[in-house]
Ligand SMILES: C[S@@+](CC[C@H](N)C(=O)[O-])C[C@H]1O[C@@H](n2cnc3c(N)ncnc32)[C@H](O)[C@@H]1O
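Take a look at this single chain, the form predicted on its own, given in structure tokens.
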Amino acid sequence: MPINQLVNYCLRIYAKARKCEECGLICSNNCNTCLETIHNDFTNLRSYDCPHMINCYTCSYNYKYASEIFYAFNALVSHPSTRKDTFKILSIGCGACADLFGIHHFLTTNSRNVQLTYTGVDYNDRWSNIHRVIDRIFISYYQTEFIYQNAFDYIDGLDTVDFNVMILQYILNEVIKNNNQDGINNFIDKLVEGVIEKLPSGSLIIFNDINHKCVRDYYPIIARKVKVNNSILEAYLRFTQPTTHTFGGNTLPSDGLVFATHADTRFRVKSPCSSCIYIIYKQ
């Protein structure tokens, strides 16, 4: 299975003989500590700045995030948005490309034969080793390309924007966490005016993110801006977890991981699926 090929690569090369130079914490040779700092600390002192941490992240989070994207697509299994002959995917802040693995699982599970291109854009080129492995994994399946640049600058430089699937996976919460209100508004305006407006009719836009009001409250704002010049359909999906942050969308029937995971105790494989999923379909 492709996702296990990537994770097994990360398992092999995750070796910690000493403290990482980038680490400012008391290092226990366990990058889960740094990951939790990034995800829970609002001081913005750390990012995915260490190859060990990136490998740890992939082993710990990719199964969950890929499963969430699988469930999002599977909820649309009968909708025209997933019955295309060609998927041209733009993944903003692609990281370890969990979305690609989730979509691949959707296509194989449903016996879909599509021509797929995947363009992952991430300003952090420390993901490049992971991306080279992904290129090799999918070479006989899909065309993959990785761009290390600000996503909006990349889109601005294109003559034609013909992506028909755009995914932001756990990106909006990072924007909210690391910016003041003006910065958040600026990001949303650039996303709507600089990207979504340029996507062709029939495009599918998926936000997969934490199920918390700090993120969810921005979905109506995004929708309102998109509707100024576009006719759209919307869908809100959630899982049964977390019970403390209920979301008013349709509850998906399952929240278990759809992949067989590794058993390496150095890593904490995240489970169950718990995101909120906001979907826009441009008519």
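Residue indices: 1-based, along the sequence shown. Since the structure is predicted, the reported quantities are computational estimates derived from the model, not experimental observations.
One more form of this protein, predicted together with this ligand, exists but is not displayed; see below.
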query: Listed range touching this ligand, judged in the predicted bound form by heavy atoms within 4.5 Å, from 101-109, 198-206, 70-78, 114-122; finding: 114-122
query: 4.5 Å heavy atom contact with this ligand in the predicted bound form for all of 57, 152 and 174; finding: yes
query: 4.5 Å heavy atom contact, residue 170 and this ligand in the predicted bound form; finding: yes
query: Distance check, residue 218 to this ligand in the predicted bound form, heavy atom within 4.5 Å; finding: no
query: 4.5 Å heavy atom contact, residue 163 and this ligand in the predicted bound form; finding: no
